[in-house]
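Take a look at this one chain, the form predicted on its own, written out in structure tokens.
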């Protein structure tokens, strides 16, 4: 059955991508026919037309703020055809970590179906490369709080909407290993208790586990940082067959207790392996000997966690999961053998209608010199099959749930074509930018600067646990503030050198010239107490985000005042760069 599923899904992918242009026209036609009565489309005079030319001529490019008044009416209970022909019955909530504010987004069954198609497609290519049996998977997945809107709709994260759907449960039984944890753990109300039980259940089924998964790489790293603290307690649970008193949620406790029987030999085996590990290197293959790979989204803001994840994974391959957002899916990873840093995603032409804004660099900005510090000039949007290899674009999506010509804000590079559909490499988000004067440093630039500066910590055997930034304009001139949480103590002169290195690593021409003339002040490096980023995580979870959805905000603005307060209250040391001093 599994072989048939793999072969049929690859055949389906090949058929879809051979004539991606025609599939795109048919997909747009289907979306517009289903939603032709929607007020939004009627307001712009589309008049029932479904061809791409009329659609682009009538419907403007949109951001979330453009659609927000329409979405607000939906969540307040207006059931008229506002954005879609059929009423929206549930909404998704973004994590809020990007802009400091959670966004409401329409959600429907068509989005579940597109999710299942993405999952089936990437599974097929993964399983062809790394065949797995009928065992289990250690999946660090979590439901999130569900809230009712004023109009009575259920609002929760997109992943929770998917995980709780019948389509997901049916599809997952067919295409991948069963989660080692019961549903009560996944949908438990306390993420710390759920995490502990994920680890415990994964070890109970350690021989059966085929791969390790979470939505984001951060969640896997967080899980094993936690494991370093609780492993002895888990061993005691397994040895005695009694669940730790830290698990107090009745539903979680009852479900996990059914799986737990005294097993001294397993407990001793885990204990002996853990005490022999050197700084937890290779803990995953050591404790889960039949795991084939570690899987999750590892691009973009997740790249900084790859070094630590590789430490835990040892010789196991890391595989980046598919490309999408709270607004919808875009592409599947059909090249699973590529390392996460080189991961590409083939656009599935039937899950939405895609356009691309060509982003051209003014003369003198060479691609190889600064891949993300770019003062982009925009051209007119083009279609899916009109993009060119090597060029960069901002993605526009039109989906089945009422987002029309929606600017996603992601910058991607076309690396090639799979049949006639492009393969995309994620570059950065345009909206995440450090800017004071004429400088434009993106999330990717910040990541590269931190990577370069953190190399100076190697001799101290210290690592950057997590980081973020802030543009401080309360000073004259304004300056960048970089927050670091470190794994251990570090000498003052090393941190001063790190601060200088951060400053010099921002290669954007606007930044460099502004620093030289004093229009931007020296970089400030602030070291925060251990556990500070855990407090930021707790803050977002308290707002209803799911652990598996969490992304550390890489640029904290004044609009995200609570997170900025957490950071500033936990600062222990400060350093100012002298890199541009006369």
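Keep in mind that this is a model prediction, so the values were computed, not measured. Positions refer to the first chain, counted from 1.
Quick note: we don't show the form predicted in complex with ligand AMP, though the next part is all about it.
**Student:** I need to confirm a contact call. Of 186, 408, 116, 495, which residue comes within 4.5 Å of ligand AMP in the predicted bound form, counting heavy atoms only?
**Tutor:** It is 408.
**Student:** Heavy atom within 4.5 Å of ligand AMP in the predicted bound form: which of 108, 350, 325, 385?
**Tutor:** Looking at 108, 350, 325, 385 one by one, just 325 meets the 4.5 Å heavy-atom criterion.
**Student:** So which of 226-234, 293-301, 272-280, 253-261 is the stretch with heavy atoms within 4.5 Å of ligand AMP in the predicted bound form?
**Tutor:** Residues of 293-301 come within 4.5 Å of the partner.
**Student:** Does residue 479 make contact with ligand AMP in the predicted bound form, using a 4.5 Å heavy atom cut-off?
**Tutor:** Taking the distances in the predicted bound form, the answer for residue 479 is no, it never comes within 4.5 Å of ligand AMP.
**Student:** Do residue 94 and ligand AMP share at least one heavy atom pair within 4.5 Å in the predicted bound form?
**Tutor:** Yes - in the predicted bound form, heavy atoms of residue 94 and ligand AMP come within 4.5 Å of each other.
**Student:** Is residue 551 near ligand AMP? Define near as a heavy atom within 4.5 Å, in the predicted bound form.
**Tutor:** Residue 551: yes, in contact with ligand AMP in the predicted bound form.
**Student:** Taking heavy atoms only, is residue 321 within 4.5 angstroms of ligand AMP in the predicted bound form?
**Tutor:** Yes, residue 321 lies within 4.5 Å of ligand AMP in the predicted bound form.
**Student:** Going by ligand AMP in the predicted bound form, which residues of 200-220 come within 4.5 Å of it through any heavy atom?
**Tutor:** The one in contact is 216.
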